[in-house]
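We begin with a single chain expressed as structure tokens, specifically the form predicted alone.
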């Protein structure tokens, strides 16, 4: 299905289908920053009621791809260099702390589960699925830390980072290869018993990710 040209959908189309189409359009730059996506126009274009469109926009808001404004519609927010910097500065402080706490509790079963995540991540082509696996890797690591308050704070950061991660991956296929390789490196160091090395590799990974997002999206200083 073309992402730009209008095309009708069968009546069985669900909110998931609408969200997929709108997500791809946003990531492809079809909608300009600060442009409103009108429910009635999308519903008419795709041949569905407003209900699945409204549900789709709620999902995209949770992903950080739109901001809904009452009576006006859903707005495609601007990409923010300041937000990227703050997100990754906070991740750079919080995630090494969580990994240090998690390492003593990481079992063979957890390592095998994480390796499976990395292997799946290397082969997927769908951006949303890849971003989900990327986040699953980090969440699975830190779940072993037994630090629920810190993990709760991190969840908010990961949710905000998700939008940038998807745009980053959409614009650069090399992002996926490099990110997966760095995840593998962190795992290898943990398995070798080199906890300090794993934490250092994680810090480097977060720093690289922030720089790659700025460069890929074109928000360099």
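Take the two forms, superpose them, and find the largest set of C-alpha atoms that agree within 1.5 Å; that set is the rigid core. Positions refer to the first chain, counted from 1. Since the model is a prediction, treat every value here as computed from it, not as a measurement.
The following text describes the form predicted in complex with the DNA, which does not appear among the structures shown.
The DNA is not shown here, but in the predicted bound form it comes within 4.5 Å of a heavy atom of residue 14.
Shown alone here, residue 40 lies within 4.5 Å of the DNA in the predicted bound form, counting heavy atoms only. A residue is said to contact a partner when one of its heavy atoms sits within 4.5 Å of a partner heavy atom; residue 181 fails this definition for the DNA in the predicted bound form, lying far away. A residue is said to contact a partner when one of its heavy atoms sits within 4.5 Å of a partner heavy atom; residue 51 meets this definition for the DNA in the predicted bound form. When you look in the predicted bound form, the only residue of 77, 132, 73, 92 with a non-hydrogen atom within 4.5 Å of the DNA is 73. Residue 206: CA moves less than 2 Å between this form and the one not shown after rigid-core fitting.
Put the two forms on the same core and the Cα of residue 160 is off by less than 2 Å between this form and the one not shown.
In the predicted bound form, the CA atoms of residue 59 and residue 156 sit closer together than in the displayed form, by at least 3 angstroms. Whereas the displayed form keeps them at a certain spacing, the CA atoms of residue 57 and residue 127 lie at least 3 angstroms farther apart in the predicted bound form.
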